[in-house]
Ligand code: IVH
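Only one chain is given next, in structure tokens, and it is the form predicted on its own.
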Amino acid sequence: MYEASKQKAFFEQSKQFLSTPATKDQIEDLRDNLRFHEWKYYVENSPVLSDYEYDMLYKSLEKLEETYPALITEDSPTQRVAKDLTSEFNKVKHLTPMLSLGNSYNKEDLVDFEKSIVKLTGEETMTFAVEPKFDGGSIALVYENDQLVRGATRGDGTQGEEMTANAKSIKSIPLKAAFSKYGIHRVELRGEAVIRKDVFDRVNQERAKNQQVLFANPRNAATGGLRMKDANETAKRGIDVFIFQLSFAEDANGNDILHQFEKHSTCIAMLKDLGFKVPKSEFGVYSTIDEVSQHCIKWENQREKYPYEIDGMVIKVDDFKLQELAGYTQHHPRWAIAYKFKAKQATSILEKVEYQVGKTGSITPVAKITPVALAGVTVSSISLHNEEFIQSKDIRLGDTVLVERAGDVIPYIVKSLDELRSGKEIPIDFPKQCPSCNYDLIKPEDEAKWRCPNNYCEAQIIQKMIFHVSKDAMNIDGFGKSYVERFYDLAWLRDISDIYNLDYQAIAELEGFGEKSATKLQEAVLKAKQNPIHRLLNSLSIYHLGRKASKVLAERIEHVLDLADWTEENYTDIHDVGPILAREVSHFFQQEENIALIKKMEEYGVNMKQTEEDRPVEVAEDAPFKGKTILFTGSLQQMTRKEAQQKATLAGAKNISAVSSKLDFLVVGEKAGSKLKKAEALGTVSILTEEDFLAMIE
């Protein structure tokens, strides 16, 4: 859309407007400048101004238009969001029907599709355009005289609901596009409204902070955002629109001129040139079904790395003449087909709910559903999180439920399908007593989960031991859940101290073990006894105490039992420790049975004293990264990720795990991926290569 020289000119002009605000005579130049920056940010994902600088330009335009209201134009960036609420969404007829697509699931289906096109057109050689099938909400946009005049939802395919004000609030949709340079007077575009995955996470975090109901998935958030009565609310959703088709075009005399562009791929290139957001590397044109199939399989394998939710690919005959020969059914065009990825959603029946007791006594309800195939695996158990989750979704025993695998990994119940209820479904009655020890459950006001407060609850004791030996805690190699449960059944384990006083001769005689396995286990336990105390503190399953806080505490004590003398104020004096954590850790070290447990572990040889690894890193005053945050991404070539993080710590940096406004430096290796794109989009993160990083610390 903008040549390199033009982009540079806009950037330089921006800097001028920031130092010397635009005048009345320059108002249109300022609008063009803001449109350029909207395109860079929302279409190209490559901003060249900081958010603050953009806001300053925007405010400058607002002030000018306030002073000279007669100069306000409909396509001004300030006119994206309507000032009034939409009371209703009127029905409008699409210029051409928005049909559905036929489905395919494998290469054989695609071969059949090609055969049908050959039969319908009589043409044996052709090209196919392949593009993502976005999982969002379809919309139709109409432009006249280069201006956006209408936006509408898909509706029933013939007519949809008019939502022009909301469409204008979506910044990846140009309010003005130069269709006239292609001889087009009126045009209808098809697009998909979607929300980028990281933006969706950010929106949900904000909603959680404001105690609002979380969105189930990006699709629901996007489609719901299209029908908001207040366009300001639509704008807050962070919706993007990808244009995937030019469906209608006529000249100033009302003549249909769509076919003069000859190919679908030509139209996509034209739309890109006009500043619309269109698929890029994920779009391809191929001359054989083999190539089409390979493209589909490639994107199915990497769908989770793609920043937007996609549930398949769409294959279209590229040539408009062949499209016309192939024709349509009442349901779908014969010249296009969807290649569907393995399902990420399915329906099943909720048969029963089981309740699991965690290591800190938290009660987690688990749905047991009729086994269902989902994204390549069979799902039969799904966490229901807590009582509030069950109530908010009105989930009942016997319900038909919609199941999703978030990120193709974690099963999640999206909703119950109450329209399918027969009346025999039973509301779920959350237990008031612990399912393991029958102790009365408690639920603190500031927490979502019910908890069992009984420290002698058998289920808790077992879960504490399972966590204690795990990789995140004492990291006892080979000592997993099955060993803990087996040794507990044999009465060899009753609390975590017993892990360090096992009879390895007896273990060697167990079925499935032998001398070699028993010796290997003994060596792993002996090694764990020498662990730094920050690992030990984390392994004790103290409520709210995790790895980070354990490290903070370990830096400040010589011996674990020093904490028995601490008051809550001693904890809250530490910057990273809040009152809830202070209360829980203080309470733990005031209990005689816990002190006795720690002393017994020490008798068995478990280290209780601060090690070199526990001590805070001494950072020089002139350390290159002192007081800065850093994150490594991609494949590093000269060191491992752990080595890089250690070097960064010694150089004064704090390693963090995600790209956000709090990140100062991102060090990128090969195949950096989404973290790099997000950092570039923020515009506030300093991006270093591995060589840059090493040069700075050396």
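Numbers for residues come from their place in the sequence shown, where the first is 1. Computed from a predicted model, the values in this text were never measured in an experiment.
The form predicted together with the ligand is left out here; the points below concern that form.
Could you tell me which stretch in 160-168, 107-115, 590-598, 128-136 has residues with non-hydrogen atoms within 4.5 Å of the ligand in the predicted bound form?
Contact-bearing stretch, as computed: 128-136.
Partner-contacting position among Gly284, Gly155, Pro333, Gly238 - heavy atom within 4.5 Å of the ligand in the predicted bound form
Of Gly284, Gly155, Pro333, Gly238, the residue with a heavy atom within 4.5 Å of the ligand in the predicted bound form is Pro333.
Candidate from Gln245, Ser76, Thr223, Asn386 lying within 4.5 Å of the ligand in the predicted bound form - any heavy atom:
Answer to the contact question: Gln245.
I'd like to know if Ser100 sits close to the ligand in the predicted bound form, meaning any non-hydrogen atom pair within 4.5 angstroms.
Yes - in the predicted bound form, heavy atoms of Ser100 and the ligand come within 4.5 Å of each other.
My question is simply whether Lys316 lines the interface with the ligand in the predicted bound form - judged by any non-hydrogen atom within 4.5 Å.
So Lys316 counts as contacting the ligand.
Does Asp399 reach the ligand in the predicted bound form if we count a contact as any heavy atom within 4.5 Å?
Flag for Asp399 set to no.
With the cut-off set at 4.5 Å between non-hydrogen atoms, does Glu404 touch the ligand in the predicted bound form?
Glu404: no, not in contact with the ligand in the predicted bound form.
At 4.5 Å, heavy atom to heavy atom, what parts of 176-204 sit next to the ligand in the predicted bound form? List them in sequence order, or say none.
Residue within 4.5 Å: Glu192 only.
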